[in-house]
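Only one chain is shown below, in structure tokens, and it's the form predicted alone.
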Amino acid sequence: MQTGTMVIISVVSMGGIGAVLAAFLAVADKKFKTLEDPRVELLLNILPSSNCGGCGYPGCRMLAEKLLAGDAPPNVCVAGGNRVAKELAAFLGVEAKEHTRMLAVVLCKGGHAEALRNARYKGEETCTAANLTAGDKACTYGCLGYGECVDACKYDAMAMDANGVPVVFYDKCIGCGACVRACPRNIIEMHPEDHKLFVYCRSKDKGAYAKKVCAVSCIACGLCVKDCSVAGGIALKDNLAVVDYATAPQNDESTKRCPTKCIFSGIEEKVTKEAFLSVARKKAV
């Protein structure tokens, strides 16, 4: 009997403590509750709700909060483009600035046909895993070819071509940068669409070895540097030609004598999804 009484007392005591704590938490919740600005939901109706991260924030809700706080410009939404930028500026009562379209560029053309293989990789078929052991290509700077960047793209703006190299569709890319973040070798870069001239190689190996392991590598011959009409527009750094986009003309004047054909101008805008599929269909036939 005494044991039963003690059990009842214990249960009642615990229940009472629980009730007191629950009441305290309820009061604290009401007292310290942070009310969300109702304008956040209105901004979310303008934003594309893609949560792509291209703006630099993990999601559209956080971007909306930053916009209201004045910590982000209205033209920062890459998925929305100019239309969303104008609507955000009108809502916030600020000046509408033109949205600069950014595009992903894969700076490597060393696929199955061009790149020498010096090993047989048998691990997990992802770029991240292959990069830990340098993969199977002799070039340690080039594309690993397992398409992790393609898998990261939410907008069907990339595909692997028949040569094992990722291709970006000019008409589909929104510039979110997901592919850039996915690439363990940093061969994908984001560029404004007015950038036309690119060196499609990241190798820093010396010329003789670079050419030995990849037929389309930059061999630091310096012909593009000499052919550029603006002094310093293209320079050689760490055995690699580097374009200065502030000064270099965005045309093909510096590309014509490249012995390995690793520098081009204006080819990105030609690679649309339909053009890519058309080539694939012709090869299939």
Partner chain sequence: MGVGTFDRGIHPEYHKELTSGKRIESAALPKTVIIPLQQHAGAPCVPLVKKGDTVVEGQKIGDVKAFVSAPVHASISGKVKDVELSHHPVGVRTLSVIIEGDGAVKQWPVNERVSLDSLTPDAIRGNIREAGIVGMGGAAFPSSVKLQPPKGVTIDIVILNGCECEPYLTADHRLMVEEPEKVVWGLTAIMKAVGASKGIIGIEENKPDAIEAVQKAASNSSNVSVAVLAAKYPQGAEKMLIQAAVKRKVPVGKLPLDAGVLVNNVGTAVAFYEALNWGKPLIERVLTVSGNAVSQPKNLRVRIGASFEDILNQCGGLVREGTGVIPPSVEVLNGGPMMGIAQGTLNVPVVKGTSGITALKTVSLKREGYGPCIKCAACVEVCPMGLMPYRLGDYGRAQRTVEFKDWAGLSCIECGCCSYVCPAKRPLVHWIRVAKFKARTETVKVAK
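Source: prediction; values computed, not measured. Positions refer to the first chain, counted from 1.
Just so you know, the form predicted together with its partner chain exists too; it's not on screen, but the next bit is about it.
Heavy atoms within 4.5 Å of its partner chain in the predicted bound form map, among the stretches 136-144, 157-165, 69-77, 90-98, onto 136-144 alone. Contact between residue 192 and its partner chain in the predicted bound form is not found at the 4.5 Å heavy atom cutoff. Although the partner is absent here, residue 121 sits close enough that one of its heavy atoms falls within 4.5 Å of its partner chain in the predicted bound form.
Remark: residue 170 does not count among the residues lining its partner chain in the predicted bound form, judged by a heavy atom distance of 4.5 Å or less.
With a 4.5 Å cutoff on heavy atoms, residue 129 counts as touching its partner chain in the predicted bound form.
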